[in-house]
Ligand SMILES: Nc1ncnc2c1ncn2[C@@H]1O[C@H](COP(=O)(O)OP(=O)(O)OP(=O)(O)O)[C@@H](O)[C@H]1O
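Next up is one chain by itself, shown in structure tokens, the form predicted alone.
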């Protein structure tokens, strides 16, 4: 784990749905520039945990701290303005608009100027320039004028992350950024995302099921199981953990 002070941490966070303990006492920390993979089987509570952090759900108990401040009760919009952004497993784009316009909207939203989006674009060269720079960071500069719906799935995933990045977050939460794409495209996506977030010292948590991606790109791995943290550590520590192998891979004790 990074030696820096955490930018975001949770204390005994809980979220229940009836009898289902989706998040059951999770204490978690992430530091600036750290890339953390959050893994676990379906139903482990990973996405619910992210939804609670980002304000889509209110926790039933526990605390969330960001830059040393208690933000447990802050709204989703307030958390975005503070610097906590996310992308989604199911890409959330304006399909009829170009890649450039999708990013421009995010830039204008960050600046509190969404009401001027439909005015002539040439009046806002600074916004356009920033949006183009962001697209270039994710290898999408040549697709600036292409409608989002016309992009292949891998580039749509990258555009979704670029939109979140345009909010200039200090914490970025990515829900399966490589799902639904080819193995080659998965590595292309990660080779764009990871250097960019590390260069900007953005604390990044990635929900991911592909273990090659998890072990190849993360600084630390956190394993959730039945709403709790089962294990956490460096990628190689998690790879060698017998408990993780048993719970996630069905490897029985004593198996070679």
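Positions refer to the first chain, counted from 1. From a predicted model like this one, the values you see are computed outputs, not experimental measurements.
There is another form of the same protein, the form predicted in complex with this ligand; it is not shown, and what comes next is about it.
Visitor: Would you mind picking out the stretch of 183-191, 196-204, 61-69, 37-45 that comes within 4.5 angstroms of this ligand in the model of the complex, counting non-hydrogen atoms?
Guide: Of the options given, it is 37-45.
Visitor: Hey, in the model of the complex, is residue 176 touching this ligand, heavy atoms inside 4.5 Å?
Guide: Residue 176 belongs to the contact set for this ligand.
Visitor: Should residue 220 be classed as touching this ligand in the model of the complex when contacts are defined as heavy atoms within 4.5 Å?
Guide: Result no; residue 220 lies far from this ligand in the model of the complex.
Visitor: Given that the partner is absent here, does residue 215 sit within 4.5 Å of this ligand in the model of the complex, heavy atoms only?
Guide: Residue 215: no, not in contact with this ligand in the model of the complex.
Visitor: Answer with yes or no whether residue 29 is in contact with this ligand in the model of the complex, where contact means some heavy atom within 4.5 Å.
Guide: So residue 29 does not count as contacting this ligand.
Visitor: Sequence order please: the residues of 218-243 with a heavy atom within 4.5 Å of this ligand in the model of the complex.
Guide: Read in sequence order, no residue approaches this ligand (within 4.5 Å, in the model of the complex).
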